[in-house]
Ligand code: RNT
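Below you'll find only one chain, the form predicted on its own, shown as structure tokens.
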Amino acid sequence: MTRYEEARKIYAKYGVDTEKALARLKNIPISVHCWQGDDVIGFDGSDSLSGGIQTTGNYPGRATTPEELFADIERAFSLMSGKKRINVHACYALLGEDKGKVDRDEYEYKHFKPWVELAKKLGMDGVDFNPTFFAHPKMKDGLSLSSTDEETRAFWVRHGKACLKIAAEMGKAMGSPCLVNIWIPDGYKDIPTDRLGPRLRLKKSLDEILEEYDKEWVIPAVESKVFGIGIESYTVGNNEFYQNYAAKKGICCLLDTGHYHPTEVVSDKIPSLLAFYDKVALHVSRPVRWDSDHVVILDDELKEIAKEIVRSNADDKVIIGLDYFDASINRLCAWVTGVRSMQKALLYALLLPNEELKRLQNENDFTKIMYLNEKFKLMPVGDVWEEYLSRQGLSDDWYEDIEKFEREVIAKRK
């Protein structure tokens, strides 16, 4: 009897069907962010980050061309299991002859078509997209959609509209709706004397951007943040603003796990939003004291996030995306570790006796709930995980593949 067969029998004693768990897991898509591969630099002219975010570290071999980034993505994705999507920022436009001639408010689908072709080549489930409201000279005084300068505000509105059109073409090409996530870094370093004005300007800008878009192929989302570097005292797009705006507009609210106070947890927010929203989007990161975008690992909060998705039967309601950028370690290893950690958390949640736990809560039997929760922490989930990988032609011993790629490809980059 194999270790998986033994594990299957052990779980069956508690009414958990490991085969159903494996079947469900492989069909939960994870949107993988392209920006881990080059430290959020992109290809449209920026040479550093701005707008309250930053990467740290200088690990050698950062991708500096589309060809290098595509090669890294292809290698990293070959070590990832299950359904995957690619998440692209607008600053990753492949402008070609248009570089220096068109600005972000004039971007078109043709500048991103190679990303769709890559997604099709690698058998991805879809493509997601983000306007890039940072790392650009037209960020006047650190403001974009909330700017008091009408020319600046209008520029960024045009950029948002252009991105919705691009996303519609991406969705059509992939046969899967494209999530378009709007995040802006607007805010102030010190205490503002007008908190309402910037938010009214942001509301006006969003209304103009979302005035018209293809509802069949585009899922708009708005993402809040509690603070950023250089905007510590006031963020225009905070949680209350965006949740209310999304509810009123009938669009998606995106929760980034690093964008809240350290004592807040996104896992508790997910079921709250599911009570009111048809869909909820996630950017999964690992905050260490603040929004530091560390690589996702199998920690307690990740498990709790996965539990809420699974227990709510929200596989098709919660759109899972990753969002971290660590420049201090091998970037491919960061990609693979994050994706596999998210999937491990989902598998852990799928292998819990969830219906039994719900019944016990309804009967107020918290003694047995505590017993079962502790019991399942040491159940043989690892053996089920190994079986999951094996069925997709993968294993948990993948580090040598990364080392080989680093020696043969990354180390030769200038």
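Position 1 is the first residue in the sequence shown; the rest follow in order. Since this is a predicted model, take the numbers as computed values, not measurements.
The same protein also exists as the form predicted in complex with the named molecule; that form is not shown, yet it is the one meant from here on.
The named molecule in the predicted complex comes within 4.5 Å of no heavy atom belonging to Asp125. When the named molecule is considered in the predicted complex, Trp183 lines it closely, a heavy atom lying within 4.5 Å.
The named molecule in the predicted complex comes within 4.5 Å of no heavy atom belonging to Tyr107. Proximity of Asp103 to the named molecule in the predicted complex falls outside the 4.5 Å heavy atom cutoff. None of 147-155, 255-263, 68-76, 160-168 except one has non-hydrogen atoms within 4.5 angstroms of the named molecule in the predicted complex; the exception is 255-263. Of the listed positions (Arg85, Arg331, Lys225, Arg340), a single one reaches within 4.5 angstroms of the named molecule by any non-hydrogen atom in the predicted complex, namely Lys225.
Taking a 4.5 Å heavy atom cutoff to the named molecule in the predicted complex, the contact residue among Tyr213, Tyr245, Tyr188, Phe134 is Phe134. In this stretch, 72-95, the one residue having a heavy atom within 4.5 Å of the named molecule in the predicted complex is His89; the partner itself is omitted from this view.
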